[in-house]
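The form predicted on its own is given below as one chain in C-alpha cells.
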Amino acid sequence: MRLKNKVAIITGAGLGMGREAAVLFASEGAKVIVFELNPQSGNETVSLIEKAGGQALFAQGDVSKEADVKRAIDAGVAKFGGLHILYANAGVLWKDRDKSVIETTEANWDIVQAINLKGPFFLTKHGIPQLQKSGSGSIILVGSISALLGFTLAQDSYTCAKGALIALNKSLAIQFAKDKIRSNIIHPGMIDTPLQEPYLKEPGKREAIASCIPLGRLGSPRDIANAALFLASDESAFMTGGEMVVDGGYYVQ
C-alpha cells in the first residue's frame, strides 16, 4: 500500500503503459483518475481496477485540449477530495507521418507537439495548484531515449517534444521544491505496447530489436509502471529533477 490515501491522475490510461500504471497504482492504494480519449478503453481500465477492489474515475478527454484536462482534474478532486500524483503518460508515436524535418508536414508536426508536449503542460498547469493544496506531490513525465540519442529513422517532432520535457522537468523540480512537490522523468526504451504494435508486425522484427538490447528483450508496460510507482511513492522522497532511463541498457552500450 505504497500509495495509500493518494489520488493520482494518469493520462492515456486506457491502454499500454498507462493502463498498467493505473491498475498498479490502484493495487497500491491510490484512487485513480483514468484520463483517456477512448471511452471504451478508459472504462475498461476503471472496470479492471474496481474488480480488484480499487477506486477509479473515468474522465474522457483529449490531452491537447486545455478545457478537457482541467475538467478531468476538477472532477477527480470533487470525487476523491484532493490530488497528489500527476502522471503525464499520454503520447503519440507516428513513424509514418512524423519523420525528418524535411519530410514532416506542419500539421503533423503540430499535432505531435500538441499531444506530447502541450498535454503535460496542461496537466501540470492545472494539477500543480491541487498538489499545493494537498501539501506535497509527485509529477511524473514520460520522455524517451529518442530524446537522448539520434536515430537514422527520424521522428523529429516526437524527439523535440520529448527533449523539451527534460527541460520542463528541471524547471518544475526547482520551482516547486519549496512546496514539497517533486518532478521526475522516465525515458522508456523499446516497450512492447499497442503504440508500438504497428511497427512490430513484420516477421522477426521483435527478435531483431531485442538483439540490439543488452538485456535481450523488449520492455513490458509493467517495467515502466514499476518505475512510475517508485517515483509516485514516498520511496523516492529525496529525488527530484531526475531522469530514469528504463531501456534494458540500450542507451549505455
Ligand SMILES: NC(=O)c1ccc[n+]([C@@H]2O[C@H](COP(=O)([O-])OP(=O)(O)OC[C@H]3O[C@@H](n4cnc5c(N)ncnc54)[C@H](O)[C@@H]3O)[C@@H](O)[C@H]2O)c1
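Given the structure is predicted, the values throughout are model-derived calculations rather than measurements. In this text, residue numbers run from 1 along the sequence as written.
As for the form predicted in complex with the ligand, it is not shown, yet the points below apply to it.
The stretch among 84 to 92, 97 to 105, 122 to 130, 175 to 183 whose residues place heavy atoms within 4.5 Å of the ligand in the predicted bound form is 84 to 92. Interface residue among Ile191, Ile213, Leu48, Leu57 relative to the ligand in the predicted bound form, by the heavy atom within 4.5 Å criterion: Ile191. Scanning Ala72, Ile139, Val112, Val142 against the ligand in the predicted bound form with a 4.5 Å heavy atom cut-off leaves one residue, Val142. Though the partner is left out of this view, Leu37 does reach within 4.5 Å of the ligand in the predicted bound form, counting heavy atoms only. Contact between Met244 and the ligand in the predicted bound form is not found at the 4.5 Å heavy atom cutoff.
Although the partner is absent here, Glu44 is not a contact residue: none of its heavy atoms lies within 4.5 angstroms of the ligand in the predicted bound form. Among heavy atoms of Ala232, none comes within 4.5 Å of the ligand in the predicted bound form.
Residues Tyr158, Lys162 of 152 to 180 are found to place at least one heavy atom within 4.5 Å of the ligand in the predicted bound form.
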